[in-house]
Ligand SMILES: O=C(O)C1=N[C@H](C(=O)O)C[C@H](O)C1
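Take a look at this single chain, the form predicted on its own, given in structure tokens.
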Amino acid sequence: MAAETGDSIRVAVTGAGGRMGREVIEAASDRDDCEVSLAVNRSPVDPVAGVEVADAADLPALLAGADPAVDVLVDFTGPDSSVEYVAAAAGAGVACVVGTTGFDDEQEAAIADAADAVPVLRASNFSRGIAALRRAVSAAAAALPGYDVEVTETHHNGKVDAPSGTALTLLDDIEEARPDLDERVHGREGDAPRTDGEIGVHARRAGDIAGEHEVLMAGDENVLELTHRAGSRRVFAAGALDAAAWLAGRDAGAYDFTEVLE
């Protein structure tokens, strides 16, 4: 049973000293529907928005002993850490909202296993604008057969995985709408003309850019560009907390951010 409207949920935040962990804690401090009752980080950090940060190594015990209990864990860390944190949450019966990307097949399987025990909601991007972009891209790709397609993503210089999880999601959407596009070409160098069936994929890393995604479709003397730019990471934090509020109290299983929006 989902949490009733108006209930305030208790949230645990991992990676509290990181970019997104801090954003989630700060965003929660401005909301009435949730509160951060537990925050952890692998290395010592000062309190964030008035929330004390504990040692991540103690997360299993902290979740198991929390009184009142934590409702949802929100994780934006790295693949190895995320798998560990989600397993700890599943062991304590705590739902999980996961914004971490870059999992390998074994890690994907571990997250899927956790969803057998608790509700797990994953998304490569928690922006409502990206959700709208995905719908627009799918519709445009289906309406423009034979058009060349290129996907470009840009993020801050500290982002590890490339292409971004959001870019991979967009690529999946395009390939579903255009089954003839079945080859992803990453960057171009030297003698590299376009071939039938390919999608060009480009990743850029610079400065502190929160996130930009562009899908270019060109052909028949027409060019269509669909672009989303995140002004700050706060939009992702807000979406993750929306997801947490929606997920609390639901049955075990795998959920998607589109279900929150719908």
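Note that the structure is a prediction, hence the values are computed from the model and not measured. All residue numbers refer to positions in the sequence shown, first residue = 1.
A second form of this protein, the form predicted together with the ligand, is not displayed here; the remarks below concern that form.
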| property | result |
| --- | --- |
| Interface segment, criterion being heavy atoms within 4.5 Å of the ligand in the predicted complex, picked from 88 to 96, 156 to 164, 132 to 140, 182 to 190 | 156 to 164 |
| The ligand contact at residue 226 in the predicted complex, heavy atom, 4.5 Å | no |
| Contact flag, residue 49 vs the ligand in the predicted complex, heavy atom cut 4.5 Å | no |
| 4.5 Å heavy atom contact, residue 210 and the ligand in the predicted complex | yes |
| Sequence-ordered list of residues in 79 to 110 near the ligand in the predicted complex, where near means a heavy atom within 4.5 Å | 101 |
